[in-house]
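The chain below stands alone and is given as structure tokens, in the form predicted on its own.
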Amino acid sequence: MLDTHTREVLTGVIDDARHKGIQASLLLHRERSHLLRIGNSSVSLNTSESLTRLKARVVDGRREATHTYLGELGTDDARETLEAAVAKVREAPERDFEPILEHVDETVIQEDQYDPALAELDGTSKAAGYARIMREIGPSVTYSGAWSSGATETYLLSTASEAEAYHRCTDQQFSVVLKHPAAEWELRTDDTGWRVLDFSAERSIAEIRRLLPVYESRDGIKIEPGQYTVLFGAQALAEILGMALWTGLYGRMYEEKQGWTAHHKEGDRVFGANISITDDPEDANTFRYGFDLGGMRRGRYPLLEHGRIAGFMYDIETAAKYKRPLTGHTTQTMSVVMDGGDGAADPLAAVADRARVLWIPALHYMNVPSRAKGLFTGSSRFSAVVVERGRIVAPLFSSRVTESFENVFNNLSVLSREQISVNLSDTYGQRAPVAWSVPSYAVADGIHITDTADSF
């Protein structure tokens, strides 16, 4: 639970505001973060930071205002933060709707994904992990990568209820990239988890050794633009899914008719019948958050059931503006789960009967050229290969996928039965750990490759 002093300070400020008839909320966010970067086979950055943010929000009729304090909190700091928001709301213009104040449905204290050892993980341990990988693989390539880890606390209070919501967790995101100095191909492997033991140098070494002989002994292949069967790895699948949900199932995008679902409604089939997707904060492959920042208790929320739209996601502002029910999505930390299928654990076995398949583990430089059409684009870069009859035959030169979400998710002919965790955290802003559970691979037919390069 939150330390006693901070909790007493914040509950005291909220109680005082409640007695004065002020509609207000307080959101505390604390993080301890550490980042180690590797470049040219040596440590290029080793940095830590501890940050505390307190955000006060005040609602008065159709007016609202916020004020954020950054720094260690004392009694006066918290009170002055709220007073600043109260002063701002008096001058704020009226909205064209009545904002909803955060309401903590029930007291939640969630610490089941907190590992003290990971919270204290430092640069020495991380450098040792990279050193082991470099030692095992050898000096024929250069190494780069990043390893972010830390602990996050979130505490929410509101004058609208007596309940309080608290969450504390740890998380890490690891990557290592091998680059050949002459051929310039790049291999990458990733790791994630909320425990220090979730990182495994052995797992990274095994993944690298699976592909390294192919890249070292065979020339890359440039394919012609056209339609191909593509074996998307879990990272690529999660990234495509993330863009599909953002442009299609977020309430704001849907209400403003900006996205590819604009002409659909709940119950319409938009993806193949083998596609079911939920937001499930109880799934062990995700970073679980039992409440959102509007105070709503989060539970399993169906998004697509057998290809049909089951629900749209509304944050507190969009719900207020369009008079929709809250869905628990005032959050940066969704726990999306895409159901798997009955595909073999080994992706090569799943495509043993295919003449040619492009295996693209991840997509790079992704963007959405058209939200309305649900069109995305991204390029293969790391670890992509050409597979023929279940055998890896050559590395794949950089190839650009430009395709619609509907075409991809209506043509997934094989889904792995194995579910894995994919880390989608943004390490450049406020720490908000995100991990999704998706099949370890998916085979998609008829995918458009629109551009190919002469190199990696």
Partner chain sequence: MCDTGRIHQEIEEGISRVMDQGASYADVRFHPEDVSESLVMYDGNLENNETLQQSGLGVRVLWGGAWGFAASSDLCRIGECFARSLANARTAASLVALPLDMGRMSPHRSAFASPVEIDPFSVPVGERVGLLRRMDEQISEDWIQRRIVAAATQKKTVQFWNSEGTFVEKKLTNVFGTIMIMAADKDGQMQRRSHDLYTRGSGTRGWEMIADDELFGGHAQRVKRELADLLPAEALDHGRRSVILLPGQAWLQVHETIGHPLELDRILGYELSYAGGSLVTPNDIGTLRYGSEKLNVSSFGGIANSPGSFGFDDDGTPERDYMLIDKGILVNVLSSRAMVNEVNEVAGRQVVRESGGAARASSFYRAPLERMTNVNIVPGDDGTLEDIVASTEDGIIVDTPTSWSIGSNREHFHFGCEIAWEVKNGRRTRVLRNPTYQGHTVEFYNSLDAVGDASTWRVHQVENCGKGEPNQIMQLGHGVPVIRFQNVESGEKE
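Numbering follows the first chain given and starts at 1. Model, not experiment: these values are computed from the prediction.
What comes next is about the form predicted together with its partner chain, which is not displayed.
**Student:** Does at least one non-hydrogen atom of Val59 fall within 4.5 angstroms of its partner chain in the predicted complex?
**Tutor:** No.
**Student:** Consider Glu418 of the chain shown here, and say whether it contacts its partner chain in the predicted complex, taking contact as heavy atoms within 4.5 Å.
**Tutor:** Output for Glu418 is no: heavy atoms all beyond 4.5 Å of its partner chain.
**Student:** Even though the partner isn't displayed, in the predicted complex is Gly71 close enough to its partner chain, meaning a heavy atom within 4.5 Å?
**Tutor:** Judged by the heavy-atom cut-off of 4.5 Å, Gly71 is in contact with its partner chain in the predicted complex.
**Student:** Though only this chain appears here, would Val196 touch its partner chain in the predicted complex if you measure heavy atom gaps against 4.5 Å?
**Tutor:** Heavy-atom contact with its partner chain at 4.5 Å: absent for Val196.
**Student:** In the predicted complex, which of the listed residues (His364, Arg168, Arg288, Arg308) lies with a heavy atom within 4.5 Å of its partner chain?
**Tutor:** None of the other options qualify; the answer is His364.
**Student:** Just one of Ala160, Val108, Leu375, Val214 has a heavy atom within 4.5 angstroms of its partner chain in the predicted complex, so which one?
**Tutor:** Here the answer is residue option Leu375.
**Student:** Of these, 270-278, 346-354, 293-301, 122-130, which stretch puts a heavy atom within 4.5 angstroms of its partner chain in the predicted complex?
**Tutor:** Heavy-atom contact with the partner occurs in 122-130.
**Student:** May I ask whether Ile205, Asp283 and Gly446 all come within 4.5 angstroms of its partner chain in the predicted complex, judged by heavy atoms?
**Tutor:** Spot residues vs its partner chain: no contact at all.
**Student:** Are there residues in 157-179 with a heavy atom within 4.5 Å of its partner chain in the predicted complex, and which are they, in order?
**Tutor:** The stretch touches the partner through Ser175, Val177, Lys179.
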